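We begin with a single chain expressed as structure tokens, specifically the form predicted alone.
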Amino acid sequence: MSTPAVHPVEIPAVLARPPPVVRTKDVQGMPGTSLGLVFRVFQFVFAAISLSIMASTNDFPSVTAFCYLVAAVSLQSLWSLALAVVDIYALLVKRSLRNTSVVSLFAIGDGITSTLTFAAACASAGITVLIGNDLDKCDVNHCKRFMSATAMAFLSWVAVSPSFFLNFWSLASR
């Protein structure tokens, strides 16, 4: 029986380093980034403006589409404000929000609120066209306010769409 001529030598603990952790760079617009915070602020501001315009009229409860718009932008403004606070916290403590469960929650929430806001804005736009163009009753209604609130709801949807797509893309690319 032969014995090996070379004996294995253990590497001292000082020289043995763990392999470097390679992290992908956060894409701007995702949660926890400065552009993501800008998207959240715009979502909140546009939804809050739409809500305040509709609340300033006294006859919006008489139309179901306008009630739906008020409910949708209320939910959108609360969701956007909550996630803006989370983004601010993540930026202040320099924390990345790339956890799968967090990104899943953000993607699902953004998907639901964006769908509700878009559907409510479309329904309200249809009613404003009906009141303004087809019935010619803008002089007895608040057509300009309804149109402004609907436009702000569409802008809120435009601001939430990149957040949803970036979260969904990040989730799908894992």
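Keep in mind that what you see is a predicted model, and the values were worked out from it rather than measured. Numbers for residues come from their place in the sequence shown, where the first is 1.
This next part talks about the form predicted in complex with a further copy of the same chain, which is not shown.
Though the partner is left out of this view, Ser34 does not reach within 4.5 Å of a further copy of the same chain in the model of the complex, counting heavy atoms only.
In the model of the complex, a further copy of the same chain stays beyond 4.5 Å of every heavy atom belonging to Val41. At the 4.5 Å threshold, heavy atoms of Ser148 stay clear of a further copy of the same chain in the model of the complex, well away from it. Put simply, Leu51 is far from a further copy of the same chain in the model of the complex: not one heavy atom of it is within 4.5 Å. Contact check at 4.5 Å (heavy atoms) against a further copy of the same chain in the model of the complex: all three of Val129, Phe168 and Leu171 pass. Note on contacts: among Val45, Ile108, Ala119, Cys143, the single residue with a heavy atom within 4.5 Å of a further copy of the same chain in the model of the complex is Ala119.
In the model of the complex, the residues of 147-167 lying within 4.5 Å of a further copy of the same chain by at least one heavy atom are, in order, Trp157, Phe164, Phe165.
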